[in-house]
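Only one chain is given next, in structure tokens, and it is the form predicted on its own.
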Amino acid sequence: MAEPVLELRGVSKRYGEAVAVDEVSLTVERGEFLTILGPSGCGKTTVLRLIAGFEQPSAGEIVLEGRSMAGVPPERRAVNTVFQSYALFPHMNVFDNVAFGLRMRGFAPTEVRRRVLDALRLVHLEDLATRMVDRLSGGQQQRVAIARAVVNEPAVLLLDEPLSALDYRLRKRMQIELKHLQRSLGITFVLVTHDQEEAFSMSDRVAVMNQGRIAQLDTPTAIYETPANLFVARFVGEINVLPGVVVGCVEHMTHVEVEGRVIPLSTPPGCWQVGNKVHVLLRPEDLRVETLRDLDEDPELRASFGRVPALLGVVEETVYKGATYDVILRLDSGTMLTATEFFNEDDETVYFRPGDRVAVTWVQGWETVLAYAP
């Protein structure tokens, strides 16, 4: 098991009566890329500021490299922060911005030069060392901010939504560069963001926060495929939520009445009892949709349609999304669903049209079943 570099033990932060962080416990392993993900106001930035030492916890303890950070000021912690605004010195060039921290700590000029040039090479800015930072692009400024942080060789690099000001294509490129940089340095990264795609594309683990608490901490795949609760399910992507009632349990199969049909679901034994209310969660890409017309005309298609009993409905609208399109469906009960479809490879036309009568099903085992919560 990797060595923990950072621990939060029951950490809380209150501002008067308001609770920003509520008993958060978290262990970060050395060399890990951890992302704290959540909506505005969930407490994620406060957690970052507590780790950095800009705020002091109201309760609990922060341990960095085995040492309690109680009373330790920011400048004496083995962390560096890359801020959303980058916080560069506009009157300095690239080299001097990166060298600032080393000079303040009294490093010899030869050592400063060696470290700064090494850091600039890591972020591919060695040719721009003498350029003033206000003449750089947003992506270049972001890389200067990262170089200024890593040049100090921190145990943990904290990143406060550092990509939010970049355009989409640059943000995608910088996500890849950040992950490559983290791997090459071996430094622990803790990123704060509200962007699910950003979190999932870079992180080893993701902590999803809600109302000051960690709602789920796991790998990106586990969080997306098996969300721990409705908040996580809805926050990390589009989700279809179907209410159901357990009507029978046999070994690893739970029979749930959904939309008037009894559907067998694969669940661990002992999870549910008859009468339990549950939510059946399905991602749009997991749904299979066929028109009733095609099912009537094609016996092979009908036979292969799926083991899960189909739900009937009508297409309300289609939404173009580039490589895919969403089909907005209204079931006969009135429940709305969204299914993601790929274009026909031959003509790339939208197959489904508003008004089409359709049947909806999915592959057994692709659903997630959660206990009912209003």
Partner chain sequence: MRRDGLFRRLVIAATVVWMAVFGVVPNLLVLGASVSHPSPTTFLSPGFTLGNYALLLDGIHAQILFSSLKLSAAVTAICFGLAYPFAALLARAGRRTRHVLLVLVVIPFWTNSLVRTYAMTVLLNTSGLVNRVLFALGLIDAPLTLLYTTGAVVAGLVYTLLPFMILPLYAALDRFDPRLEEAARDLGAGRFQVLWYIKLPLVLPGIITGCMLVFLPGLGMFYVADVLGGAKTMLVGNFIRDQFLVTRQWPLGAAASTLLTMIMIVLLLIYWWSQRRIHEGKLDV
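Treat the numbers as computed from the prediction; the structure is a model and nothing was measured. Think of the rigid core as the biggest set of C-alphas that the two forms share within 1.5 Å after superposition. Positions refer to the first chain, counted from 1.
One more form of this protein, predicted together with its partner chain, exists but is not displayed; see below.
Chemist: Look up in the predicted bound form whether A52 has a non-hydrogen atom within 4.5 angstroms of its partner chain, and give yes or no.
Modeler: Yes, contact at 4.5 Å.
Chemist: Is E251 one of the residues lying within 4.5 Å of its partner chain in the predicted bound form, judged by heavy atom distances?
Modeler: E251 lies outside the contact set for its partner chain.
Chemist: Taking 4.5 angstroms as the cut-off for heavy atoms, does T81 touch its partner chain in the predicted bound form?
Modeler: Yes.
Chemist: Indicate whether its partner chain has at least one heavy atom within 4.5 Å of a heavy atom of A87 in the predicted bound form.
Modeler: Contact check for A87: yes, within 4.5 Å of its partner chain in the predicted bound form.
Chemist: Would you say all of K179, F189 and R205 touch its partner chain in the predicted bound form, counting a heavy atom within 4.5 Å as a touch?
Modeler: The answer is no; none of K179, F189 and R205 reaches its partner chain.
Chemist: Please pick out the stretch from 289-297, 205-213, 146-154, 231-239 that is in contact with its partner chain in the predicted bound form, where contact means heavy atoms within 4.5 Å.
Modeler: Contact-bearing stretch, as computed: 146-154.
Chemist: Select from the listed residues G260, P243, P109, G138 the one whose heavy atoms reach within 4.5 Å of its partner chain in the predicted bound form.
Modeler: Of the listed residues, the single hit is P109.
Chemist: Using a 4.5 Å cut on heavy atoms, which of M174, L282, M92, L166 is close to its partner chain in the predicted bound form?
Modeler: None of the others qualify; the residue that does is M92.
Chemist: Taking its partner chain in the predicted bound form, which residues of 60-80 have any heavy atom within 4.5 Å of it?
Modeler: The stretch 60-80, when checked against its partner chain in the predicted bound form, contributes P73, P74, E75, V79, N80 at the 4.5 Å heavy-atom cut-off.
Chemist: For D127, does the CA position differ by 2 Å or more between the shown form and the other one when the superposition is done on the rigid core?
Modeler: The answer is yes; the displacement is at least 2 Å.
Chemist: Can we say the CA of V246 moves by at least 2 Å between the shown form and the other one when the core is superposed?
Modeler: Where the cores coincide, V246 shows only a C-alpha shift between the shown form and the other one that is less than 2 Å.
Chemist: Does L287 move its CA by 2 angstroms or more between the shown form and the other one when the core is aligned?
Modeler: No, because once the rigid core is superposed, the C-alpha of L287 moves less than 2 Å between the shown form and the other one.
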